[in-house]
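Listed next as structure tokens is one chain, alone, in the form predicted on its own.
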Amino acid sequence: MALEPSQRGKNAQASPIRRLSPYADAAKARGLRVFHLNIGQPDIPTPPRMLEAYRHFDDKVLAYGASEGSLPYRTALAKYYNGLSALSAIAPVLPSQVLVTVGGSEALQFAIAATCDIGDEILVAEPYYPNYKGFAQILGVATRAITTSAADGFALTAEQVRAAIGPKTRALIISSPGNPTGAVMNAANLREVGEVCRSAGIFFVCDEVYRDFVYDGSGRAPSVLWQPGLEDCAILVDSVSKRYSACGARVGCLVTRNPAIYAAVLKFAQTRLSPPVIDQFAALAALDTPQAETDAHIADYKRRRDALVAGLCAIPGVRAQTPAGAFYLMVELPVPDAEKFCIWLLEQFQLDGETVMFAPADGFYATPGLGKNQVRAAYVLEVPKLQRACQVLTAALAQYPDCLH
């Protein structure tokens, strides 16, 4: 008799971002060019300072590092986070409140594990980053979704959170700017939602990986670290992946002023020994990236956003809203089953040797049936490539047998 995996393994959700990769690989093996709008892998160059740091790492032994991360890097991160504050009334972040992780992914896992026991639940605002549910499932934690809508700009209100909190709820996890919606919570909204969490005795986990990616001219998105009264319940998750276009570096962090949560997370960190030593060395250098360089990249992403939204909205039957931040948007297609269409794009369609790949959106929802005709698109390619991807999509929908328009 063949040995079987655990029920946890059997029930795990395949990533909607990556689960169609075999179809894309097969398309490229046939000689097609695939425009990857499925994944948030920017083509913006990694900062030269970061790459130079890799080249100049010269330790004679590549030894284990501290489980909580190197002190120079944590000190520099604390300085960075303190630079986000306009409120002197809140105590500054200390290096001892920063824990370096293996990407933002590990920070999310640690946050859920430190706040929830088996059988507890987290709240998420759907559509949400699928790994929230994936990490919760690995830990035996349930996910309850609060549905937001494109008509309201995917806004999450304090009233929605209050109504969703149940006896097993231990934490709310949100991203702002949002993946996959691009929604940005303003400081008042962030404070109101956080106050609901504080009053209910649950934790407020904020995924701020896309903090710099805001396109209305207001600068960075507000951070949960600097909302008064939330010091005990707020947990920040961050990463170098998007800010520095360094997804392969696998360096993130968790920040909390709650000493008991930090102590729990540190024990998890000790169990996995240490985060990457060389990548922390490079990430430390990346913190010195000039703001002008970052501003230029944000302006580039805004052009990409505008080009993709314009191209999509020009296609009959396609609907998309302009996101306020991050570099994703949810797209409604005139098809009954977006995943089936995405597979058809990779298996059966090409326009002059080119096709396009999206992430089917049903995996970004916990509520059955939602997102069935939607995809997430990432505007991480240069403007001409995004415009060409829209041309390919236009031709594909015109030929697709199950197209509804």
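Remember, predicted model here, so these are calculated numbers, not experimental data. Each residue number is its position in the shown sequence, starting from 1.
This next part talks about the form predicted together with a small molecule, which is not shown.
**Q** Of the residues 280, 175, 256, 227, which one places a heavy atom within 4.5 Å of the small molecule in the predicted complex?
**A** When the small molecule is considered in the predicted complex, the option within 4.5 Å is 175.
**Q** Of the options 193, 108, 331, 185, which one has a non-hydrogen atom that comes within 4.5 Å of the small molecule in the predicted complex?
**A** Among 193, 108, 331, 185, a heavy atom within 4.5 Å of the small molecule in the predicted complex occurs only for 108.
**Q** Please run the contact check for residue 209 against the small molecule in the predicted complex: heavy atoms, 4.5 angstroms, yes or no?
**A** Although the small molecule is absent here, residue 209 would touch it in the predicted complex, with heavy atoms inside 4.5 Å.
**Q** Report whether the minimum heavy atom distance between residue 129 and the small molecule in the predicted complex is within 4.5 Å.
**A** Heavy-atom contact with the small molecule at 4.5 Å: present for residue 129.
**Q** Consider residue 325 of the chain shown here, and say whether it contacts the small molecule in the predicted complex, taking contact as heavy atoms within 4.5 Å.
**A** It does not: once the small molecule is placed as it appears in the predicted complex, residue 325 has no heavy atom within 4.5 Å of it.
**Q** Is there a heavy atom of residue 304 no more than 4.5 Å from a heavy atom of the small molecule in the predicted complex?
**A** Result no; residue 304 lies far from the small molecule in the predicted complex.
**Q** Only one of these stretches, 193-201, 240-248, 260-268, 316-324, has heavy atoms within 4.5 Å of the small molecule in the predicted complex; which one is it?
**A** In the other structure, the partner sits against 240-248.
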